[in-house]
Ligand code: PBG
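A single chain comes next, written as structure tokens; it is the form predicted alone.
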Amino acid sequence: MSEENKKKIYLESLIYPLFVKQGLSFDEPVESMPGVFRYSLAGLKDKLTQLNNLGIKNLLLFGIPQEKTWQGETAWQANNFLNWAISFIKAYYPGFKIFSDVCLCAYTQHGHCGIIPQGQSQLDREATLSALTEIAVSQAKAGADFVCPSAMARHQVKAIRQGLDRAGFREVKIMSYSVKFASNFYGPFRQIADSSPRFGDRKAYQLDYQCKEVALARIEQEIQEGAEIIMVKPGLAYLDIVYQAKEKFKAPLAVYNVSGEYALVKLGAKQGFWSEQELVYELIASFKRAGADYIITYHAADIAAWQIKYEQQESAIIQ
């Protein structure tokens, strides 16, 4: 297979994470992740135009509220900034496929992924499932093509699927963070969303990175509950899980090339340890070889730009 064809396959399978934050006058750069921003309204328009011109068609959207609350109620408000962004993209950039993150960590004062009653420290499972369902339905109403539960609440896919169906959104699909390990690679993301837990940690609901059997069982459960795409997160340290999940279940599978992985590539390139472009293509090839159908990566825009440059060079040689 030619290098050009390989690059085209990569581009079609990429999903670009995009962060929108309410109340910004200017885009906010993320210090730990060069090239990544929290986008204002004006910045979002410019970024969408750039991505559209690059040929990126899949977006994973995250919302960051202006103010956080204990229960994170703004996460499911119909007029929150994330839902506004979904509606805006669908109205003015209809070529994009929208994947929207369904979680509470960015909206809650405590930084955990679900509902915690005041004065307590444990997640309320039923209240969390109800909140996640309301978030998913609000995003579906805004125009999301896929809702993407990432809270790792048991039976989140079942609850959301039932909620979407009741609300008349049977056509809206679910890409679930089926295997989300309690990983150290999430640090920069938590800076983006200001979502580090204020107490405790997420090991009570995210998966132990040593437990392969639990991960595979969770994938099987969420396929049965209605997930159209399953996900393994992070990607690089868990290619064995990606490979085994694809071999065992044959289901559409996404891998998340997470913020810590991105930051390490950028840092090493800055220090002159490697060529960023060559290393990124090596990583993408490893995800594809392991069985990933979709790759969620902050490198997506760079990959698309590299492809355009490559095609321009090839065209110049032919002429």
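In this text the structure is predicted, and so the values were computed from the model without any measurement. All residue numbers are counted from 1 along the displayed sequence.
Not on display, but discussed next: the form predicted together with the named molecule.
Remark: of stretches 79-87, 127-135, 201-209, 240-248, the one touching the named molecule in the model of the complex is 201-209 (heavy atom within 4.5 Å).
The closest heavy atom approach of Cys105 to the named molecule in the model of the complex falls within 4.5 Å. Proximity of Phe96 to the named molecule in the model of the complex falls outside the 4.5 Å heavy atom cutoff. The named molecule is not shown here, but in the model of the complex it comes within 4.5 Å of a heavy atom of Ser150. The named molecule in the model of the complex comes within 4.5 Å of a heavy atom belonging to Arg190. Candidate site formed by Phe62, Ser259 and Tyr298: every one of these residues places a non-hydrogen atom within 4.5 angstroms of the named molecule in the model of the complex. Only one of the listed residues (Ala144, Val179, Met175, Cys113) places a non-hydrogen atom within 4.5 angstroms of the named molecule in the model of the complex, and that residue is Cys113. Contacts between 232-249 and the named molecule, taken as any heavy atom within 4.5 Å in the model of the complex, involve only Lys233.
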